[in-house]
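A single chain, nothing else alongside it, follows as C-alpha cells in the form predicted on its own.
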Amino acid sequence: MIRFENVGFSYDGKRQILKDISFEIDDNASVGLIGANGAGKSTLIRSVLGFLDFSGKITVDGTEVTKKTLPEIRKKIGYVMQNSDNQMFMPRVVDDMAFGPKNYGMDKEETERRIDAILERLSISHLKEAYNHKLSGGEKKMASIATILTMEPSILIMDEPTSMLDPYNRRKIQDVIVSLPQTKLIASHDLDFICDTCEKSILLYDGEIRGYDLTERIMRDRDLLEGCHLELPYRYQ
C-alpha cells in the first residue's frame, strides 16, 4: 500500500508544487495518475521514490519514506522511466536484467532463473541476448519492464509507459501491464490507456487532487476534466 498524508513540496520555498496531498492506494490496485502538464505528476512520483525533501508523510507497505529507509523502500518499488534509454544502460538486455540482482548479492543460478522466467512471461525470450541499441521503441520498453520485474518489486510506478509507441506496441504494453499482479501507479497523458489499465484514477491540477475515484467516473465527467485542462477520452466523446 502507498499512503500520502498531507504531503507538500516546493522547489523554491515559495510556489507549492504539491499542496496537502492525501490518498491511499491499496495492495494490488492499479491507479492512474492524470493531469495536464505542470499539474504535479512527476513531483508526486519523485516524492514517493524519495528523491525530494517533502513535507508531510509518505509510507510504502507501512514503511515511512525517509533518507534512512530509502534502501528498503527502493527494494519494494520498481520504477519504469518514460525514456527507456535512461534505464537501459548495459550493452544487452540480459546484462541489464542481471545488474540489479547481482548488486543485491543474488547468486548466478537464481538470477538466470528469474531472467528466463520473466522473459518468457512477457513473450520476449528472443530479446535476451539482443543489444539495447538495436531494439525498437516497443522492444526497449518491454525490456525495461522486464529489467524492473527481475527485482520482484511489490509496487510498480510507471511514467508515460506508452510514450512514442505505435498502436501495436501500445496494445502489447497494455496487455502486459494488465497481467501484472503488482500494485501499480501509472502516470500518463493517454487517458484511453488509463481507462484500459486502471480501476481508479487520481486527477491532479495545480498541485492538488481534484478527483480520486473509479476511472470511468472521472473520465466521463466533462466539466471536471475540462476544468483541469483535459479533454474527454476518445471513447467518451
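Note that residue numbering begins at 1 and tracks the sequence as displayed. What you see is a predicted model; the values in this text were computed from it and never measured.
Missing here is the form predicted together with a small molecule; even so, the following discussion is about that form.
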{"item": "Contact label in the predicted complex: Ser179 to the small molecule, heavy atom within 4.5 Å", "value": "no"}
{"item": "Contact flag, Leu49 vs the small molecule in the predicted complex, heavy atom cut 4.5 Å", "value": "no"}
{"item": "Interface membership of Thr43, the small molecule in the predicted complex, 4.5 Å heavy atom rule", "value": "yes"}
{"item": "Any non-hydrogen atom of Lys14 within 4.5 angstroms of the small molecule in the predicted complex", "value": "no"}
{"item": "Leu191, Val31, Val60, Ala39 - the one with a heavy atom within 4.5 Å of the small molecule in the predicted complex", "value": "Ala39"}
{"item": "Interface stretch in the predicted complex with the small molecule - options 66 to 74, 164 to 172, 191 to 199, 31 to 39, non-hydrogen atom within 4.5 Å", "value": "31 to 39"}
